[in-house]
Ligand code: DGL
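Next up is one chain by itself, shown in structure tokens, the form predicted on its own.
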């Protein structure tokens, strides 16, 4: 299976794009809803929680895991790939959302080869909206300085957006106030940004309200389609990994919190009924 992990149910926005673009594969989605959101937690806690979730997905038979969570991708992916997998799971792979999202923010196509940079004339301003931890990591800044050094990056933490989504507060005057609280600073500049990246899988659920505030000439990027397009390219370039994946169109869902609560929100997001199981994660020694 392809494992897809998020701290909450917002990662279903990525899963929806994956199953639309690559419907033949089997997917297992895990939401660590009992401990969501991750955005304000420490580096060590985020790594521990992510490692527990990834190891659980491996134990269920996943050979490839996508960290749909930006916070996990910025805080845990590098150590997972460079330290944990070589020592404990050399036959497994973990991919994140930051690199493909940074490529899209820089204007690079999904098939761009590693090491390719955006044209030197690529200038202007782009924005990343994310959790406190994602913004503090400067992961998007580091990637864009390599990919498109001519771009100016504005990074805006939106610490209250993920809790709003988890609480189901997706619209209304109160939600609009919180949207404007973080959007107004990046829009009240002399030159409007070219692109705004929703750097958290929860944020696309607020897209209707965001789109009402952001001028039409500004492109708003959600990560689901970005990740799906680039995963398709990755599988083409790694046929040995693709060959290990089952193609039965299976879909499974798990959460560390109330499965009925998760299923109700997931059904509204995916537009179809789903059944989730509750799982308990264990510390990895």
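Treat the numbers as computed from the prediction; the structure is a model and nothing was measured. Positions refer to the first chain, counted from 1.
We do not show the form predicted in complex with the ligand, though everything after this point is about it.
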Completion exercise
Within 4.5 Å of the ligand in the predicted complex, heavy atom basis, the matching stretch of 200-208, 98-106, 141-149, 78-86 is 200-208
Practice task
Flag residue 162 as yes or no: does it have a non-hydrogen atom within 4.5 angstroms of any non-hydrogen atom of the ligand in the predicted complex?
Solution key: yes
Exercise for the section: Considering only heavy atoms, tell me if residue 38 and the ligand come within 4.5 Å of each other in the predicted complex. Expected result: yes
Exercise for the section: Scan 70-106 and write down, in order along the chain, each residue with a heavy atom lying within 4.5 Å of the ligand in the predicted complex. Expected result: 70, 71
